[in-house]
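There is one chain below, alone, in structure tokens, taken in the form predicted alone.
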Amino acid sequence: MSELLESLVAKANAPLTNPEMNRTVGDGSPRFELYHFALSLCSQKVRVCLAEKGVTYLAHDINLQIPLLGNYDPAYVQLRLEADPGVGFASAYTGRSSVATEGFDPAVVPTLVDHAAGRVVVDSVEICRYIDAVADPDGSLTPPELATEIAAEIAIVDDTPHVAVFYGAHPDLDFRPERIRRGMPGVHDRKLAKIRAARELVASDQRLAAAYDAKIAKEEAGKLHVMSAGRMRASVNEILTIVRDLDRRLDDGRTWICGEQFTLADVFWAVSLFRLKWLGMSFAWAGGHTLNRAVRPAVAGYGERLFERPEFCAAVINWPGIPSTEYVSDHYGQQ
């Protein structure tokens, strides 16, 4: 690893001193360092991928909760800027976290450092593909004969408006967990205050300042998005359509989304479906609800198979710092 990258990693790691939130996962010496957050959807995708591949890594659980918001720390943002996702900064907001469609957010998780290659990788899709390619290539989660189908499924999950239904409420019925409903009012204003304070610290650094300016624009747009009844209704309806279409693809009795082989696409669907259930949206497949009457039995069975995998349980359900909600207490009761 270059001296520059070593220096950037050291600076990003300096405030991360809690041993419970900065620990080695797995056996042996870690090749990778992962900067993540327990509850982050994109971080969960990467952790499940690492677990499925049996990879040892150093996990830095950055606290994204207010007032800490460690993802806005200039040293961490500087480290992320070493990656080259090939797109401009994200400055708009659609309730999605896809780098491919929204752009590069310089102040989010996850971030992966590969010490062996001296490389920083951002974007959960690219991180998972990278891990799958370089760690135990013989145990690939992306078999060549299924590569096109896997990529299509991952794109669907990546473009699902998970973020919108986390921060915003459906105008007719706020189904989210009580803890989320209580914590969301004013959240964007508190985040913006923290981002602006960090931006003042780096005003003389043109690149860092531009990164923070884009982040400010994105959060301002996010505040407006979740306050829009029309946009929030559309986000929920889009997810209901995505689940309906998933049920149709699974309706032939296949075990996993691309057939009988578990793939990287299943990693992404596992995290997506569990997040929807965690938020109170399992009515998307359970039916019998004001917002969706139709039952989607194939998705229901698929989700339960995904949630029972030991790797998923280790990386999501049993991962420290992920609170249960009233909608997933059955899974936590099984521990």
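Residue numbers here begin at 1 and follow the sequence given. Nothing here was measured: the structure is a model prediction, and the numbers come from that model.
FYI, the form predicted in complex with a small molecule isn't displayed, but the following is about it.
- Heavy atoms within 4.5 Å of the small molecule in the predicted complex map, among the stretches 50 to 58, 24 to 32, 65 to 73, 301 to 309, onto 65 to 73 alone.
- Site annotation in the predicted complex: the residue of Val99, Ala214, Ile156, Ala83 reaching within 4.5 Å of the small molecule with a heavy atom is Val99.
- A heavy atom within 4.5 Å of the small molecule in the predicted complex is found for exactly one of Asp247, Glu219, Asp114, Glu238: Glu219.
- In the predicted complex, no heavy atom of Ala164 sits within 4.5 Å of the small molecule.
- Contact annotation: Met281 falls outside 4.5 Å of the small molecule in the predicted complex, judged by heavy atom distances.
- Although the partner is absent here, Val271 sits far enough away that none of its heavy atoms falls within 4.5 Å of the small molecule in the predicted complex.
- When contacts are judged by a 4.5 Å heavy atom cut-off, Val77 does not count as touching the small molecule in the predicted complex.
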